[in-house]
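Here we start with a single chain on its own, the form predicted alone, put down as structure tokens.
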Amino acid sequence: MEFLSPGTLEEALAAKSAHPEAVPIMGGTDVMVELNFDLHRPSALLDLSRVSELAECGTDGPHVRLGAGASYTSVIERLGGRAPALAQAARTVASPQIRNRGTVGGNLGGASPAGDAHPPLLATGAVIELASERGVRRVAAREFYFGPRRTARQDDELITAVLLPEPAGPQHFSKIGTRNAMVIAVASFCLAFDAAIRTVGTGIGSAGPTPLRAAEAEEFLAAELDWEGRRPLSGAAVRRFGELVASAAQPIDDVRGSAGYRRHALAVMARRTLGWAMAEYQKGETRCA
């Protein structure tokens, strides 16, 4: 196995162009598991841990710019107020040691439907930045996932950053696993209000071949919400939102849970996150993670 270790982004893009089969590795929390269990043996590894540009966080126009190599711990410590749903999801990732190593870019590169970062990226309308020696392009998270572990990233490209809109309303993430902590999601859900343009975003994790949106539920809730008066929703509307979220899932039976349980859990999480978001919206607050 060849081991490539560039020191700059320019060198990393050149290495990926010359070795498109090379598997990028940053924190190694997914790649090393596959290597240790002999599940995958790539011909080359592209170590990105010395590329400091990938770990930077800042502002990019109207967006929060999160370097693909920034750790989950960085997301929690630095973006709790500017990307609250993603920070909430980051808090649920494994143990502190894994959160110090794991990255949102790694989650995107692996594209496991159970990845905790995916639902917030879908719900908030995040954009994924891809770079190669051919140039830089940006892909909406909602158009990034093609299938199980397949994405819009081409072989010579690296995921360099995630661009997150500034929050314009409440954002909440919920996750159910087989225990309370250090667990892969049986199902997860994210809800985001955008009061500026009066839309609702959703993201479903671990309940389909890719991370999913519940588009019909989004349209229903956006029409039901009293954006100006902030009056409470009826019980019937809350229940219907949960039903629409559950119906958008495409779950399977596996060792972590049945398809029926996943649909039930998603309906519960949808109602629960909606309750949290409404309480926050009625107070006129944007809650931090």
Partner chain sequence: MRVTFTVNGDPVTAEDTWPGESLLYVLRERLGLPGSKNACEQGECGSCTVYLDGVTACSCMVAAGQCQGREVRTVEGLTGDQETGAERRLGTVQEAFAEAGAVQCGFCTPGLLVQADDLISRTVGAGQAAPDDPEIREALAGNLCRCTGYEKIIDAVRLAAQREQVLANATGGADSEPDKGGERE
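This is a predicted model, so every value here is computed, not measured. Numbering follows the first chain given and starts at 1.
One more form of this protein should be noted, the form predicted in complex with the partner chain, which is absent from this view; the next part is about it.
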| query | finding |
| --- | --- |
| Site test, Ala14, Phe146 and Gly208 vs the partner chain in the predicted bound form, non-hydrogen atom cutoff 4.5 Å | no |
| Heavy atom within 4.5 Å of the partner chain in the predicted bound form - residue from Ala215, Met182, Ala196, Ala140 | Met182 |
| Candidate stretches 173 to 181, 215 to 223, 110 to 118, 155 to 163 - the one whose heavy atoms come within 4.5 Å of the partner chain in the predicted bound form | 173 to 181 |
| Contact test in the predicted bound form: Ser49 vs the partner chain, heavy atoms, 4.5 Å | yes |
| 4.5 Å heavy atom contact, Val33 to the partner chain in the predicted bound form | yes |
| Interface membership of Gly257, the partner chain in the predicted bound form, 4.5 Å heavy atom rule | no |
| Proximity of Pro96 to the partner chain in the predicted bound form, heavy atoms at 4.5 Å | yes |
| Residues in 128 to 152 close to the partner chain in the predicted bound form, defined by a heavy atom within 4.5 Å, in order | none |
